[in-house]
Ligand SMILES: Cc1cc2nc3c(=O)[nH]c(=O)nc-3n(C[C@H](O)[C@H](O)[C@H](O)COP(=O)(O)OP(=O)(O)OC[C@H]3O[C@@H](n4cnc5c(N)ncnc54)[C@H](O)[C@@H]3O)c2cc1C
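As structure tokens, one chain now follows by itself in the form predicted on its own.
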Amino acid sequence: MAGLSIGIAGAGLLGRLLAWRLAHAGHRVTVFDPAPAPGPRFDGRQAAGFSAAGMLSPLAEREVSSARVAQLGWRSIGLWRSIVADLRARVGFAERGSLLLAHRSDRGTAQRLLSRLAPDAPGTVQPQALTPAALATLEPALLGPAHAWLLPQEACIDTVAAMCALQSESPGVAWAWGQTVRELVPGRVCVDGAQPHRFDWAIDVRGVAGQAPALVRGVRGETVWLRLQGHGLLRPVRLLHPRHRVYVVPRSADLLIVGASEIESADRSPVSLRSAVELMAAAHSIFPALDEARIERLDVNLRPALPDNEPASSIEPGLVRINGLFRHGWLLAPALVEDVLQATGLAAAQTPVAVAP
């Protein structure tokens, strides 16, 4: 069957994943984005997917999210496994679980957090307390935390490699860079300075720019990218900290990303001295080898959030909108995309339907 014509506003994670999926289903896809080129810029205004550390942590995120988010997350881990296997490019993806660590003074806080980490899907398990010897066996480079728990079945993904591969391996997709979408209506994508483009379906995944400010807000995320040859860390680590849930994520054998999960601010200015010092000091308190690491970059970006911090998808004939992934973009995107494709019938190619002028 002949595929449909589909216009996508936004070339972030959702836009690239939709384009890749729809192109392989036989549809004709055009993606519009104001970015000048597909690659990362690390300037605070690129697609937020490039800035993310790539933790896929449905269990850990139950501290602040709903059972629905966790269930979507467990589904997405399986979907990412299949997606990465289908990509020709090498994209780092590991399912070794993650670690939750606490210093002795923070044990009470850790116990309160752990009490909220209920498994929400068949086959998922509770956090497993680790002795110091067990932690040393799993992660010899970690020193200092008095308490540790393994969160099994969680995963992580190389976000930059995945973003690049999804874009470059979407067959036949037309990428309209430097194009700012002004408005979407059913079957139409309206771009600044041009006549409306007609499609069978229009899809809005512009994130912070996609809806009225009263509905969506930007949540600031800050990260420090550290270069340390042979660092030895194998899985993501979260440290309970008086101000933040500081995480350390191994991106490669010599690259680590340190960050805090969220800051309620729409500020896109560079990372502050206070944030950088707090993040690196907290990470160093459990990972002493970081004193020899080199700072590769300080990055900041905004994640789109709706008032309830839950993702939302809306579908009407000829128009789809997905937004509000909050800090869970990589955790939720594959499952949300599959749900929309199934609901619209776009999971497979269809015969075009005439759109009224």
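One-based numbering along the sequence shown. A quick note: this is a predicted structure, and the numbers were derived from the prediction, not measured.
Below, we turn to the form predicted in complex with the named molecule, even though it does not appear here.
Shown alone here, P34 lies within 4.5 Å of the named molecule in the predicted bound form, counting heavy atoms only. Using a 4.5 Å cutoff between non-hydrogen atoms, G218 does not count as a contact of the named molecule in the predicted bound form. In the predicted bound form, the named molecule stays beyond 4.5 Å of every heavy atom belonging to R62. Mapping the unseen interface onto this chain, R321 falls outside it, with no heavy atom inside 4.5 Å of the named molecule in the predicted bound form.
Partner proximity in the predicted bound form, defined as non-hydrogen atoms within 4.5 angstroms of the named molecule, places exactly one of 296 to 304, 22 to 30, 313 to 321, 62 to 70 at the interface: 296 to 304. The contact with the named molecule in the predicted bound form, taken as any heavy atom within 4.5 Å, belongs to A209 out of A209, A141, A94, V271. In this stretch, 131 to 166, not one residue has a heavy atom within 4.5 Å of the named molecule in the predicted bound form; the partner itself is omitted from this view.
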